[in-house]
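We begin with a single chain expressed as structure tokens, specifically the form predicted alone.
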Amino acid sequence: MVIGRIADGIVQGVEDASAALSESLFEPVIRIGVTGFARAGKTVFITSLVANLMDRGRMPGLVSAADGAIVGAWLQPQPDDTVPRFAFESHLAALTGPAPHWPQPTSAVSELRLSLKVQPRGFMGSFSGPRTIHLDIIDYPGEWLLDLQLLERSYDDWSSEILQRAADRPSAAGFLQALESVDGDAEVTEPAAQALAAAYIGYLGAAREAGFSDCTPGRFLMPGEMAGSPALTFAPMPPQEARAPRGSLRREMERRYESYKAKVVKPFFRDHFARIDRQIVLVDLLGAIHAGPKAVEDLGRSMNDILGAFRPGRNAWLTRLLGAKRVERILFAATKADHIHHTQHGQVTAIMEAMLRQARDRADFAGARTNAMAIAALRATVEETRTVEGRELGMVRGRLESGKEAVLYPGTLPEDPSRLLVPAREGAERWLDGDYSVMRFAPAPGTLKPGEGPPHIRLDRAAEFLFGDRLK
């Protein structure tokens, strides 16, 4: 039996290596990670991207689509049998049906394979036939990506960081009160552990609603089948010099934290994140600006933590076979660009780039290409200009979820990103130069012409950066 298992393992290893070699040489696979925090628009992005790759009339910024090199696109069964399929068809129906509405967001890992038939252009292309390139799109919550930083943090380090941030947030008052009422050295009881964890989860939910992004552990707000398990039933507690006694509440909280890292975070890294070639991180920057300086500072810190989680660098086919994966390209995209006039898109991009500067320079130096841009995966508004008190203001008009039309002037973003980032870094309570407004527009009704996908802003340029080079 032992010999049989060894033989099976050798055969499986040979098959895996053969499959990887086949992918690299004949039908290459590009694994694209799509992540973002709550309400950043991952579901809409993937749905619109796939729809616009299948009907490419609105994709002039994707060179292979504009010059006709992509001659076909179709969906195939995904290669990972244990990962749920991204529900593309139902999401597209929600966005483009007779009564368009936003689809339900995803709260776990899902995957979709889109295959492209590409006819290479140029001199060499005239001697070769079309080839097939597979895009494996992996959707996962951004909060899970932030969990990767926990692998390098002890329970005390994590607790100190969380409690320091919570001290300045009104939404943490209930949890901090619950924390003060427990004795960490007392013998642990499951009701006490569950009550403290529930108070912490309540704080995380309130923090997310207030516009904050650092809601770790990420599974606490998206537990799925693990809801109520001990690995998701712990909370930070103040560090102390002497280690808590065995069987104490604090000792059990620490044990469950380490279990969460070993049984939740590491498997995610091994099974999904470590296999990604290209990555896009969707960011609701406008929502954070609307929430205030503290939310912007928190978002910037979270974005830099995300970028630091990647192991950047270029991976050739040989290193890919050997398992030395490196993410080659990382795009940070500020979503909902259709909520502001196009004259302010440059300011949005500049703010994103300034927020990422330090970590981005490290990634570029290591060999990974990074970029930032403002996009709208599905355009839900139209632009107009109105004169108000002698000033011409760029506005957007769209349909609210109530069905009524509304016109929004969100405010004018500064040309200099430091006008926002310095007050955020200094912990200001509010913006000195005014407020910035947001609205939740619904998808606009309309009829798609043959050969055209849903309307968007710069989705084609995002696609060109992410994988355009692999289609040539």
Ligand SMILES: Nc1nc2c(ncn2[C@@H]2O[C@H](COP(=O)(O)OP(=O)(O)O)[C@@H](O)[C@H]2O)c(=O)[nH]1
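Start at 1 and count along the sequence shown; that's the residue number. Owing to the predicted nature of the structure, the values given are computational and were not obtained by experimental measurement.
Heads up, the form predicted together with the named molecule isn't pictured, but that's what we're talking about next.
Enquirer: Of the listed stretches (387 to 395, 77 to 85, 372 to 380, 164 to 172), which one has a non-hydrogen atom within 4.5 Å of the named molecule in the predicted complex?
Expert: This holds for exactly one stretch, 372 to 380.
Enquirer: Since exactly one of R278, H339, H290, K294 fits, which has a heavy atom within 4.5 Å of the named molecule in the predicted complex?
Expert: Only one listed residue qualifies here, and that residue is H339.
Enquirer: Of T106, N304, S229, S115, which residue is found within 4.5 angstroms of the named molecule in the predicted complex when only non-hydrogen atoms are counted?
Expert: Contact residue from the list: T106.
Enquirer: Should P423 be classed as touching the named molecule in the predicted complex when contacts are defined as heavy atoms within 4.5 Å?
Expert: Because no heavy atom of P423 falls inside 4.5 Å of the named molecule in the predicted complex, the answer is no.
Enquirer: Give a yes or no for V438: in the predicted complex, does one of its heavy atoms lie within 4.5 Å of a heavy atom belonging to the named molecule?
Expert: Contact check for V438: no, nothing within 4.5 Å of the named molecule in the predicted complex.
Enquirer: Is A428 close enough to touch the named molecule in the predicted complex, meaning at least one heavy atom pair within 4.5 Å?
Expert: No, A428 sits far enough from the named molecule in the predicted complex that none of its heavy atoms falls within 4.5 Å.
Enquirer: Classify T43 as contacting or not contacting the named molecule in the predicted complex by the rule of any non-hydrogen atom within 4.5 angstroms, answering yes or no.
Expert: Judged by the heavy-atom cut-off of 4.5 Å, T43 is in contact with the named molecule in the predicted complex.
Enquirer: Going by the named molecule in the predicted complex, which residues of 176 to 209 come within 4.5 Å of it through any heavy atom?
Expert: None of them.
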